[in-house]
Ligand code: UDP
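Just the one chain here, the form predicted alone, laid out as structure tokens.
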Amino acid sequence: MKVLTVVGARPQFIKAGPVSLALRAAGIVESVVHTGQHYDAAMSQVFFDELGLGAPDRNLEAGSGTHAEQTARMLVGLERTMLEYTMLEHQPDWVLLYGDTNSTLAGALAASKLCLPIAHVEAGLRSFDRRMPEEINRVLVDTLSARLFAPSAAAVRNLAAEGVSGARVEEVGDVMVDALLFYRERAKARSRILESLALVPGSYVLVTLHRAENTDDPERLANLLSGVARIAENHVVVWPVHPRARKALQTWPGAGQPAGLRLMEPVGYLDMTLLTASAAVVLTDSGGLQKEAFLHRVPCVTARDSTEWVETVELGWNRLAPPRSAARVVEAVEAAWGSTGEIGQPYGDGAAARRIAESLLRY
């Protein structure tokens, strides 16, 4: 069996790690195409190196741009690649896609036009906010997929509410649990990020912000910057800065960058795993980091109006704080500091990758 895996962004590299290992163990031949959506070495190559993925078979180098420009470049490159594989008698039995990025959408569109069967990892997630590009991508990719690998029971219910059920849908658990269990001890053994930043576990707030709904909205961005500045007056704040947020940090509200704030370049998965596990609070708009904080049992504040990872909120480990004011962001972080939620296991037992490999073989 042959599988063509399409990845393009940091979260997808992480998810692909344990699945690639499981495919290999099952005797499945995998080819990896990197769209180049994340092209900065700190957001891309470091993950291939750390996660043992090796170099991708193809890098389309799509780069940045508007949603239409970026997706269009990916579509052209992916269609050409899929046709070349078919001509070389390496036609994939499955095109394997992850998550909700433009790379995911481009992979689904290209494969469906060529009548190649699609398998979607993280199927069924819904924030129910159609203003988010990611929500549009999720719905479209699920519609086009022949196998829908749902990470949770809630995701299965979302699909059923849309009329998608039966053999196409399989609740396998979340591959991020697999990745966490596999790489957690490696992170503790190899990462020196806490020593290099002189951080004491449980003494700092970890911040990541990159969603267009925040970085491209002047009012929300100003509220977030003001809120982070006020938090940094009382706590150490560690912020690995996503390229999308970099320009926004050239000026700070008030009298400049606060003393407690430690800005840094994006870090690899092992460093980020240890930073997340050792934080007192995580403040983020990332879907993946909400869940990683939950898996590490670290309270999280999500600077968004809604979340696709509803279980993290229901179990009390995550709270939504739309940045409609700086005060709201500060209050949410202070309330989260020292808090705990209920213990639950909504995302499976860490065997999602094996189930995905077995299901691809079975169907």
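Heads up: residue numbers just count along the shown sequence, starting at 1. Since we're looking at a predicted model, the values are computed, not measured.
One more form of this protein, predicted together with uridine-5'-diphosphate, exists but is not displayed; see below.
Contact annotation: of the candidates L225, L159, V267, M82, the single residue with a non-hydrogen atom within 4.5 angstroms of uridine-5'-diphosphate in the model of the complex is V267. Out of the listed residues R220, R230, R211, R126, R211 is the one that sits within 4.5 Å of uridine-5'-diphosphate in the model of the complex by at least one heavy atom.
Taking the partner from the other structure, uridine-5'-diphosphate in the model of the complex has a heavy atom within 4.5 Å of a heavy atom of G288. Interface residue remark: A280 is not counted as part of the site for uridine-5'-diphosphate in the model of the complex, having no heavy atom within 4.5 Å.
Residue contact check for I14: one or more of its heavy atoms lie within 4.5 Å of uridine-5'-diphosphate in the model of the complex. Taking the partner from elsewhere, P240 is found to have a heavy atom lying within 4.5 Å of uridine-5'-diphosphate in the model of the complex.
Looking at 335-343, 349-357, 6-14, 19-27, the stretch with residues near uridine-5'-diphosphate in the model of the complex, meaning non-hydrogen atoms within 4.5 angstroms, turns out to be 6-14.
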